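Below, in structure tokens: the form predicted on its own, a single chain.
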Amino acid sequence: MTRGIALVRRPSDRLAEGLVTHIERTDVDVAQARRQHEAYRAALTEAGWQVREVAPADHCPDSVFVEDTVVVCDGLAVITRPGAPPRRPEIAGTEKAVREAGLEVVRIEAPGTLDGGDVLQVGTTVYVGEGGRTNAAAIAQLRAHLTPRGREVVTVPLRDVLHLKSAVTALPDGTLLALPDLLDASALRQPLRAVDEEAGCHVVPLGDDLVLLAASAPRTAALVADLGFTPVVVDISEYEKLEGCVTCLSVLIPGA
């Protein structure tokens, strides 16, 4: 028995042209990125997830960051409307994949803009970062979709950071790992532990005590282990050159 479905999308041949907002552009080795993506998928499989591929979107350089195209919550798939217009064609393949997975589908509509990387679910609390990619209109729509499912949507103002999950994510017990300077931490309700590595605030609980995180955060991996969890470490250095992290390379559908 698997833990559920993990949706992924292979990197585009145009990956090196991906958007960069808060860091300087550096050269991306697309061949190495493909190898890293294979290892990422293998880590998900080894952790018990059934990996399914969303149809490629080779014309969209950022399409590998599939998390930004959908928010999955309690059997519902909220198809996003990405804040960067060139990314909006990515959603069609994701919608097809979540329908095939048996999820109910709704959409964020204009003038709302929402990136899935701005949505952090911790228990019944859904934090949504309001910043360059996600606006208040979309947050209101997301709240209307998720409130009937017993979720409370909480807006978190962002500072100089691409997405909410670029600044904070959660361990399996709900403890938040964060770089507090990048967001308004007063909006966060769970216990918060500051980390001293940029990649250290990007983790993905994979079930039981497993925690996925990047090889670029060794001190955080040691902290995760000290807290009683099992780190699952992957090298995503080529994606980090495009402000990517372990969260944005997959969408987990538990129990599917």
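Everything numeric in this text was worked out from a predicted model, so none of it was measured. A residue's number is simply how far along the shown sequence it sits, counting from 1.
The discussion below concerns the form predicted together with a small molecule, not included here.
Novice: Can you check 137 to 145, 73 to 81, 173 to 181, 156 to 164 and let me know which stretch has heavy atoms within 4.5 Å of the small molecule in the predicted bound form?
Specialist: That would be 156 to 164.
Novice: Taking A33, A214 and E238 as the candidate spot, are all three within 4.5 angstroms of the small molecule in the predicted bound form by heavy atoms?
Specialist: No.
Novice: Does any part of G117 reach within 4.5 Å of the small molecule in the predicted bound form? Heavy atoms only, please.
Specialist: Heavy-atom contact with the small molecule at 4.5 Å: present for G117.
Novice: Using a 4.5 Å heavy atom cut-off, state whether G244 contacts the small molecule in the predicted bound form.
Specialist: Yes.
Novice: Would V233 count as a contact of the small molecule in the predicted bound form, using a 4.5 angstroms cut-off between non-hydrogen atoms?
Specialist: No - in the predicted bound form, heavy atoms of V233 and the small molecule never come within 4.5 Å of each other.
Novice: My question is simply whether R151 lines the interface with the small molecule in the predicted bound form - judged by any non-hydrogen atom within 4.5 Å.
Specialist: R151: no, not in contact with the small molecule in the predicted bound form.
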